Every structure is written in C-alpha cells, then in structure tokens.
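In structure tokens, one chain follows: the form predicted on its own.
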Amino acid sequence: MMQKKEASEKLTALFNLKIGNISGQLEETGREFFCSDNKLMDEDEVADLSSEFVSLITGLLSSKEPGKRTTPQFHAMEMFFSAFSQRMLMRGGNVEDVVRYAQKLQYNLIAALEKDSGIIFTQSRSVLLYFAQLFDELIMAIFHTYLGEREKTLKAQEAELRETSTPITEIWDGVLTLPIIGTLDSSRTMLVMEALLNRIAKDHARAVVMDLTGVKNIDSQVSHHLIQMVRAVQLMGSDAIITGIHPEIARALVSLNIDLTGVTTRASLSDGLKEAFSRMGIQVSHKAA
C-alpha cells in the first residue's frame, strides 16, 4: 500500500503529464453545476476556476508535506474554496450546490487520473484516503464561509429590523414621536428603549409622543414594558405622552391595575402633539385661507 508522500508524488507526476485533459474534464464539471440552469458563472470563469484549482492541487501534492493542514499550499486551497463559496453565495447560489460541486470535483478528479494513468485507484487505499481527507477539509472551509456569510446576513437583518421597528421621528425641534406597532416583548422593549433614549440625548428632546394605535393586544408584561419606557423617558428629563389607547387597551390596563400616575395620555397622535407643543410654549394655529 502506498504511503501519503508516495501517493502524492505519483499523483503529481500524473497531473504534470495529463494536466490538459484533467483540466478539461474539471471544466465540464463546473459548467454542469454553474452554467446550465442557474447561470451563476460563464464558461470563461469556469475555465479560469478549473485552471486555478489544478494549479493549486498540483502545488499541494508536490509540497514537502502534502497531507499537513498548516502548510501555505493547503491554506491556499482552503482560501480558494472559501473565496469561491463566497462568490457563489453573493450571486444567489446555495451552499448545497457548492458542496455537491466539491464532491463531484473529487470523484471526477479521481476518475480522470484513473483513466489517464491506467491505475485502478479503488485498489489503492492511500490515494482514496488522501483525497477523502483533503476534500473533507475543503468542504469544511465551504461551510465556514457559509456560516460566516449567514451570520453577516442575520446581523444586517437584525440591524434593519431594529431600525424599522423603532421609527423615531423628530416632528419639531425637541419633539419626538414613536409609533409602537405590534407586540412589545422584553427583547424588543430593550431595543426600542435604547434607540429612543439615544435619540433623546442626541436631539435634546423635551417631549416624546408614544402612539399605541398599532398595538392591538396588551397583557401585564407588555404593560410593564410600556411603563418602563415612560419612566426612562422621564428620567432623561423629557415629557412622555401616550396616545392612541383604544377601548380594549384601556380596559386591559384597568383590569391589570397598571399605575399610570404621572403619565400623560391623549386620545390621538395629533392631540398628543398639541400637548407637547403647548408644554414647550409653541402655539399651533390654522392658516387662514
């Protein structure tokens, strides 16, 4: 049975001898995966990809320690698959196709070498083991790239959600509005409160109108979250005005014995804004026709 070094030397010799045929067969694999249905790559890109892969694996096999993960040659192979995976994901591809491509690449590579050498590699355990270990590591690099991109996407979505779920608007100098839509849970309350307090500090807001028109249901926990926000606004030195409390919410607050002492409420957002302007000494009047 051949040892790893002996196997890699034999494979390197075959690569150098039959590199043109091997590269062509690997190109066909790339076209099958990325040029047919999804059109993620054009044929020139596939040709360059295959050529670069053949060059890298030839360099790896001819290195002093072809089975060692810490060599520059092995790192170059990992970076190649990582960069390729990232490119495919950015173009709308999926990780399953990239993994299947890597697996098919492995099978076709062995088949191409077997065909050109006349040696039945299935009878040489060391060759198969070497390729299996190599491609296992490369597939791991693909998944690491996917997970990294997935984490970036989730963070971007979380930031976007935070932005859209807290549409704080400065209606007038020193007057902020915060329409609350949907349900307030502990996590969302903290996000909304953080964003609101930061805006109060940034804009030196003197009044905040919190509109509950979009809140359909309220329970004890949600009520306490709401009061928490009101108290935090007051601690920042701003007036908190709650508007848009419809009958169902009013009944729920009463039945839950929520203490609204010191909390200013108004029927509608416009009434809340009038109250905020009044406290700031701003007079709003209709323009004469």
Partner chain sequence: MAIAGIHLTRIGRGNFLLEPLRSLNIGGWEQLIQDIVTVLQQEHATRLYYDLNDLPVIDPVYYDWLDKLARICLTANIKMVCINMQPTAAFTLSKFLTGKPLFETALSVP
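Fair warning: this is a prediction, and the values are worked out from it, not measured in the lab. Positions refer to the first chain, counted from 1.
The same protein also exists as the form predicted in complex with the partner chain; that form is not shown, yet it is the one meant from here on.
With a 4.5 Å cutoff on heavy atoms, residue 206 counts as touching the partner chain in the predicted complex. Looking at residue 79, you'd find every heavy atom of it more than 4.5 angstroms from the partner chain in the predicted complex. Using a 4.5 angstroms threshold between heavy atoms, residue 198 counts as touching the partner chain in the predicted complex. Residue 168 falls outside the set of residues with a heavy atom inside 4.5 Å of the partner chain in the predicted complex. Note that among 50-58, 24-32, 64-72, 233-241, the stretch whose heavy atoms approach the partner chain to within 4.5 Å in the predicted complex is 233-241. Note on contacts: among 190, 83, 111, 129, the single residue with a heavy atom within 4.5 Å of the partner chain in the predicted complex is 190.
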